[in-house]
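For reference, the chain that follows is the form predicted on its own, supplied as structure tokens.
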Amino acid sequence: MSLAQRIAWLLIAVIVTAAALASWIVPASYDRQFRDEIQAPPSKAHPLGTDELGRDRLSRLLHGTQVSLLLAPAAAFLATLLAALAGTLAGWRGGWLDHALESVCDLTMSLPWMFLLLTVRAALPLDVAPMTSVAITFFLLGALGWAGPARVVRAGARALRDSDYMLMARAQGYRGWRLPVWHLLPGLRPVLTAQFWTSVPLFILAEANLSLLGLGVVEPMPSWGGLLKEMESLPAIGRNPWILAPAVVLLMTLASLYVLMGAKEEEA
């Protein structure tokens, strides 16, 4: 393992551990308001200060990291699951089903993905409960992010459909749904794993963009995108440089994931 990979694993471990221990590290809830300490600078009680509503920035950062790091893998799992179902079925069956999936994937991928997310999210109710907004964001990312992985899975299924071990399975009497489920899908496991890990950083950025625009996770629940809104004012950054902490954590997480993904591709 290279030095860059060790550093990447260490950063991911530190970020995930800090997020998991958020309530222990900062006892104050992410939505508690300290009304006598509005926009307070960093102190022993508030290591990253407080925001314009008097809420502890470190508490909101750690709980926002929980939301974003749980949301992105969940959405990636949903997208990979949909891609596995659609891609395997199309690649296995072929014919009109294969052509139909190819057309749907081409149409979906021809549209700007972020524009598609914004359009669908804006069409849904905006005044929703925080947990409902998390569920909506998770579902949108997963439901709209399946097309690219589905094409890769479809190509893998077509390549394996007539492979030697599939012919051997047919010769042994396997028929119907048992062939794709018990023999084809296990052969696609490396493809599905790669698509999952490729989707995670993409969904982290997509969630951050949606929340930054006010169409993702809603207040008072924090997420990386919502926390980045404070950086819209350059003078505010100059006066309070500690508000850059969410951007730093986001960049470290994405950089670490890309380093680890690159290492996996080299191994493959």
Partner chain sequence: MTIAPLVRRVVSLPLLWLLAGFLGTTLIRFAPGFAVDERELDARLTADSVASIRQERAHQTNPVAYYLSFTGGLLSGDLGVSRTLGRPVRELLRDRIPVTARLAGWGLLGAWGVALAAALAPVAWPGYGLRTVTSLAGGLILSIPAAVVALIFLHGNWPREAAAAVVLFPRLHNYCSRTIDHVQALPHVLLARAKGARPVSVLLRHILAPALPQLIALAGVSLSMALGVCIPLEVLCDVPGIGQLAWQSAMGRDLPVLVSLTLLTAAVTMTANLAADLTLFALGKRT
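Definition used throughout: the rigid core is the maximal C-alpha set that superposes within 1.5 Å between two forms. All of these numbers come straight from a predicted model, not from anything done at the bench. Positions refer to the first chain, counted from 1.
As for the form predicted together with its partner chain, it is not shown, yet the points below apply to it.
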Per contact check vs its partner chain in the predicted complex (non-hydrogen atom within 4.5 angstroms), the hit among 134-142, 94-102, 80-88, 67-75 is 94-102
Is there any non-hydrogen atom of residue 201 lying within 4.5 Å of its partner chain in the predicted complex?
yes
Non-hydrogen atom contact residue 19 with its partner chain in the predicted complex at 4.5 angstroms
no
Do residue 194 and its partner chain come within 4.5 Å of each other in the predicted complex, heavy atoms counted?
yes
I'd like to know whether residue 161 contacts its partner chain in the predicted complex, with contact meaning heavy atoms within 4.5 angstroms.
no
Across 215-229, which residues bring a heavy atom to within 4.5 Å of its partner chain in the predicted complex?
228
Rigid-core frame, C-alpha of residue 205, shift of 2 angstroms or more between the shown form and the other one
yes
Residue 71: after superposing the rigid core, is there a C-alpha shift of 2 Å or more between the shown form and the other one?
no
Residue 205 to residue 9, Cα distance in the predicted complex relative to here: closer or farther, by 3 Å or more?
farther
Since the CA distance of residue 228 and residue 205 differs by 3 Å or more in the predicted complex, is it closer or farther than in the form displayed?
closer
